[in-house]
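Encoded as structure tokens, the following chain is the form predicted on its own, with no partner shown.
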């Protein structure tokens, strides 16, 4: 087991080193933290712009895969050892969701710029803390919501914000459903995995293969389910189009269409959640291919796809990865062919040099994650209506709901070590 002490955790994060200025031809040093499939994919794009000098993962098999991208790069299971290195300018954070904030804050305070996978946070409180840290350190943080760099989604946002499809009547966001299953039986911890470090701030649990790597997305210990997985991508675009990507809704209610299996995956896998803003159209998030199981959703879209549907008084617009269509095709601009992942990473590297705000800065990433957290909190409370203050970031008159705004962090993996 890896033990974090106050001295060792703080070593990488307590000071604010002077920022190194990069010349036009400099290749910044990159550290990859979280060497699973997503981390490897993002880093391969980064290698055109910088040098991988270090990597970290609590799974030695994944760590070896990260190190293989750059033979000779420093490799260590403990991310703190990576953050101590002076040759690291940029951190790519591709860990599971419950590790995003602690690593991002430590990296920012260690003088690194950060490209972080979405969702930025495990809780709403984490998001506000991260936004404040980015502001006080002056570091660049790009949220990995690459749809912001996709010409189709950008065209959809411009059409909606420009009033080209008329006044909005409704918005529907279609999401893939999460895995459903169980119960699962505890297994011996594999030798390559530091299970205690992997769990981090989450409650200590018996080891289940179903709790690790890609499947962590189906447990509330580590995430908020589909609403912060695919939901962070599509809801980010929806909030941008509505001009609400620095704010949030004022109410939320929902219904689960399928209860989790006791002892199995516990996120709500199939649901309909409806949000209202202080003004503007209602927004409904619904899982696609939802079985009803005798329960009636708030809204049943008759022609919905995975993606976003904006219904206006003059036209209906639908957008998803690889497609955009409008009931008035003449409104659609010519869409260039762009690799959105590469473009989003290039924007980050440009901002590392210019110190300008990236396309998806911390406040925007926080608000997209918060939108998903609100829906998941609602589902965990039975779907009952909740009122939300987007400025104070608190539920109104609901102590039970406010207990979900932050979560107790298992020591020693907590803010105290920062």
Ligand SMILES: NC(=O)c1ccc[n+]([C@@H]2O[C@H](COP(=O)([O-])OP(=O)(O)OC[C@H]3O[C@@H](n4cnc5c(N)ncnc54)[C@H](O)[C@@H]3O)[C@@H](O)[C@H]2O)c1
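Here the structure is a predicted model, which is why all the values come from computation and not from measurement. Residue numbers count along the first chain shown, from 1.
Just so it is clear, the following notes concern the form predicted together with the named molecule, a form of the same protein that is not shown.
A.B. asks: Using a 4.5 Å cut on heavy atoms, which of 213, 161, 328, 246 is close to the named molecule in the predicted bound form?
C.D. replies: Checking each option against the named molecule in the predicted bound form, the one that comes within 4.5 Å is 213.
A.B. asks: Scan 33, 360, 379, 46 and let me know which has any heavy atom within 4.5 Å of the named molecule in the predicted bound form.
C.D. replies: Only one listed residue qualifies here, and that residue is 33.
A.B. asks: Every residue in 104, 135 and 220 with a non-hydrogen atom within 4.5 Å of the named molecule in the predicted bound form?
C.D. replies: Zero of three within 4.5 Å in the predicted bound form.
A.B. asks: Wondering, does residue 385 line up within 4.5 Å of the named molecule in the predicted bound form on heavy atoms?
C.D. replies: Result no; residue 385 lies far from the named molecule in the predicted bound form.
A.B. asks: Check residue 119 for me: does it contact the named molecule in the predicted bound form (non-hydrogen atoms, 4.5 angstroms)?
C.D. replies: Looking in the predicted bound form, residue contacts with the named molecule include residue 119, since a heavy atom lies within 4.5 Å.
A.B. asks: Is residue 197 close enough to touch the named molecule in the predicted bound form, meaning at least one heavy atom pair within 4.5 Å?
C.D. replies: Within the cut-off, so yes.
A.B. asks: According to a 4.5 angstroms non-hydrogen atom cut-off, is residue 112 in contact with the named molecule in the predicted bound form?
C.D. replies: No.
A.B. asks: Taking the partner as it appears in the predicted bound form, which of 50-58, 370-378, 388-396, 345-353 has residues with heavy atoms within 4.5 Å of the named molecule?
C.D. replies: It is the stretch 50-58.
A.B. asks: Using the arrangement in the predicted bound form, list in sequence order the residues of 378-392 with any heavy atom within 4.5 angstroms of the named molecule.
C.D. replies: If the 4.5 Å heavy-atom criterion is applied to the named molecule in the predicted bound form, 378-392 yields nothing.
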